[in-house]
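The chain below stands alone and is given as structure tokens, in the form predicted alone.
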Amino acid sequence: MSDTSTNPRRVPVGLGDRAYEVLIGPGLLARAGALLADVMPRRRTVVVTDATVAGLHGDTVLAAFAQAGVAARMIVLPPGEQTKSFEGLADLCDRLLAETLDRGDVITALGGGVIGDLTGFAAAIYKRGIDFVQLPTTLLAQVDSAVGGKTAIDTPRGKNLIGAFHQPRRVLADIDVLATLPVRELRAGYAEVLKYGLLGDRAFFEGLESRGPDVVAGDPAALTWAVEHAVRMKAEIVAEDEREAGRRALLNLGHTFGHALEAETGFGGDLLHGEGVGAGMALAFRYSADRGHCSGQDADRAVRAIAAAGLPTTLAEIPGAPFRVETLISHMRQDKKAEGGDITLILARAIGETWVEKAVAPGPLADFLAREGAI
């Protein structure tokens, strides 16, 4: 294998005149200025991050920009999902305006999914649109939220309901920064890696059955393999269906259940997004088997793989259980994939074979949730 510190893996996201690359490898934050200078013609950026990430990586990124002759200032926000709100968006936009950025400048998102989603949405609406780049610092962000241009904030009525499609100019996925993640965060990110195998690549799923423990343990080679494969899958899907009119909806496997559970736990630290997705995928496979779409053997195998990563697979494992059936279904009706108040789910025929089920009948779903432990 080549020295990826000087030759990062490059995954193109083919979107015509809005195409960009995802660079994957170690040591990328320390070279961020050199790797991003060509998409920053004004040599000026504002780095948006949170207090935790700023303490770990802020100085490295600022030094990298300075070395490349890019003037950079930093905006530091509070960590946590609560920052991804109307209040957080208003605060960020006000602080960006105070930096007197114009549409020839570039915003840099340095952080996990919260920072990437919030900063991307702010970039989409700041002076009717400004370029931004993504420097994702969590596994979840590297394989999912930083790629594909979906930006959003949460509301009390649900997750990611207010947002915009706004593609980044480039993404740097530095494998080294994943070594700073708490084990729980790495496991939560792994749920999104496992998702790609479950939704459309059985061979990748089988590879994760053997290499997954190394990924969750933070092995750099395993992480590089997993991140590159997941990003290539997402890039292919996004290039085919940028605005989720078709195949891209499959990337929401487990998310309708998971978002409902996140809403019930208050979008806080009790349930991380990846943990909700892990539980949601287990529920989606069991519901698929319950309805006769998927074999019980495949559903059990999928659930075992999710549990092996230390992720929840049942409602009883989620803080705040038991949940009310009516409340969970109400949250699912508010999901952004719902149409006319009808619930949409991503269901499975087998591991690696999924489809979009629209107008899900609420009666059988309610009965299933009750059997799963909701009241």
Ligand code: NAD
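Note that residue numbering follows the sequence shown and begins at 1. Everything numeric in this text was worked out from a predicted model, so none of it was measured.
There is another form of the same protein, the form predicted in complex with this ligand; it is not shown, and what comes next is about it.
No residue of the trio 201, 208 and 229 has any heavy atom within 4.5 Å of this ligand in the predicted bound form. Residues within 4.5 angstroms of this ligand in the predicted bound form, judged by any non-hydrogen atom, belong to 135 to 143 and to none of the other stretches in 90 to 98, 135 to 143, 282 to 290, 212 to 220.
In summary, among the residues 177, 172, 106, 261, the only one with a non-hydrogen atom within 4.5 Å of this ligand in the predicted bound form is 177. Think of it this way: in the predicted bound form, this ligand has a heavy atom of just one of 345, 61, 48, 53 within 4.5 Å, and the residue is 53.
Residue contact check for residue 113: one or more of its heavy atoms lie within 4.5 Å of this ligand in the predicted bound form. Taking the partner from the other structure, this ligand in the predicted bound form has no heavy atom within 4.5 Å of any heavy atom of residue 301.
In the predicted bound form, at least one heavy atom of residue 181 sits within 4.5 Å of a heavy atom of this ligand. Using a 4.5 angstroms limit between non-hydrogen atoms, residue 81 touches this ligand in the predicted bound form. Taking a 4.5 Å heavy atom cutoff to this ligand in the predicted bound form, the contacting residues in 145 to 174 are 145, 150, 159, 160.
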